[in-house]
Structure formats: structure tokens, C-alpha cells
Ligand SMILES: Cc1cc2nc3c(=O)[nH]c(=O)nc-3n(C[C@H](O)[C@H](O)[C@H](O)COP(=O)(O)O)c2cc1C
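We begin with a single chain expressed as C-alpha cells, specifically the form predicted alone.
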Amino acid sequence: MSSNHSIKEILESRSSVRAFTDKVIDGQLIDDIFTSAQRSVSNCNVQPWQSRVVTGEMRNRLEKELLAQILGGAEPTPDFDWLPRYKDVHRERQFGSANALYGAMSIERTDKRARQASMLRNWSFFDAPHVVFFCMDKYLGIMGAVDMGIYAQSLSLLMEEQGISSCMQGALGQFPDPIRDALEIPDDQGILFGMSFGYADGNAAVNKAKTNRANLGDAVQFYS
């Protein structure tokens, strides 16, 4: 059911959800949301997104194959070099996000085993019944990635409007091979990142994690 909240209210209230119920979203609603997201802006209207939405048996197959690869000691082989080495204030914000997440779950900084187990949940899609892999032609580079980010944000807001939660996951682009094989993704397309989505588990401690935002003056300068 659609909410009456404004975009501003949705932005102020939403957060990344990392625990979902097993309730499946109506297929027509998913179709409607992705249809609306087609109105997202893109450079020169190239609309580079090639989304693969996975549920049911295929979702379970990919979870099993991804976890097997990671637990087997495989190294990441992303299609795109998207992982920056944060420094200075960006590093501080990264630590702040981690502290909020692990603090909500009462996981100590020294508890490496619990932190690794929490990280591993990325590849079980945080138990969400649905996941979308955001793919694009590899040659598009950074401009394609910009367009993909705009598109993914549109999807996230459209979902929130319908009471559907999500979590953007760069981790879902780290091990593309099982996904490429299962979904028959052409070699000239790459998996940039993914997003798990579904209905949030309101009782999960991890969903209590909240991150802050920089002050306007730290992010925006006005000129006249």
C-alpha cells in the first residue's frame, strides 16, 4: 500500500535494512516499481541499467553458490574497480557507520568472528526474499556508474513509498562469476552492485542501527 509520505520524509526516515521477513512481495507491485524507475534520469538518456531481479529458487541457488565460493576462500574478482581506499574524513565516516552497525548488534570491535559472520550475511541477502543485481555494459565506465546510482536511488525511494525496505550492497559485485553463470549475463556486461529488498524484520536488532549525516556546510557551498 502506498504511503502518504513526501520524498523528504522518506529520506529522513529510511535506513539500510539488514534483516527481512520471508514475506514475498506481490509480483505486480515489483513490476510497477521497476516500471516507474525507468523514468530515472541518465546521461544523454542512454539508460544503461540492465537489472536482474531474482527470487524463489534462483535466489536460493545463488545464495548457496556465493556462500560456498566465499567460505572456500575465493578472492573477490569484481567486474569494476569500484572499491576505494577511504582516508581522512571519509575513513572516519566509514568507521562511524561500522560502529553504528555493530553497536546495534552488541558486537565488540575485538570480536572478529562475530563481525565476519555479520559480513557473510551480505551473500545470503540478509534473508531478503528478493535481490536485484545492477548490471551495465563494461565500456560505459564512470558515467554509466553515475547513471546506475541514480537509478538505484529511484528504486529505493519507490520501494520505501510502498513500505518495502532495501539495502544497497557493493559486496554483491565482488564475486560475479556464479551470478553471471546462473543468470547468463553476457561477458561484455558487468555486475556493478546489488540490492536486497523485502519487508523489514521490525524485531531485528541490526535494523536499529542509524547513521548520521554531515552538516550542510560540510557538503555544500553556495555562490552568488
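What you see is a predicted model; the values in this text were computed from it and never measured. Start at 1 and count along the sequence shown; that's the residue number.
What follows is about the form predicted together with this ligand, which we do not show.
Proximity to this ligand in the model of the complex, defined as a heavy atom within 4.5 Å, singles out one entry of Ile164, Cys167, Val54, Ala37, which is Cys167. The single contact residue among Ala182, Leu29, Ala171, Ile70, judged by any heavy atom lying within 4.5 Å of this ligand in the model of the complex, is Ala171. Asn203 falls outside the set of residues with a heavy atom inside 4.5 Å of this ligand in the model of the complex. Looking at Phe126, you'd find a heavy atom of it within 4.5 angstroms of this ligand in the model of the complex. Using a 4.5 Å cutoff between non-hydrogen atoms, Lys23 does not count as a contact of this ligand in the model of the complex. Proximity of Phe193 to this ligand in the model of the complex falls within the 4.5 Å heavy atom cutoff. Residue heavy atoms within 4.5 Å of this ligand in the model of the complex occur in exactly one stretch of 70-78, 138-146, 118-126, 105-113, and that stretch is 118-126. Taking a 4.5 Å heavy atom cutoff to this ligand in the model of the complex, the contacting residues in 8-27 are Arg14, Ser15, Ser16, Arg18.
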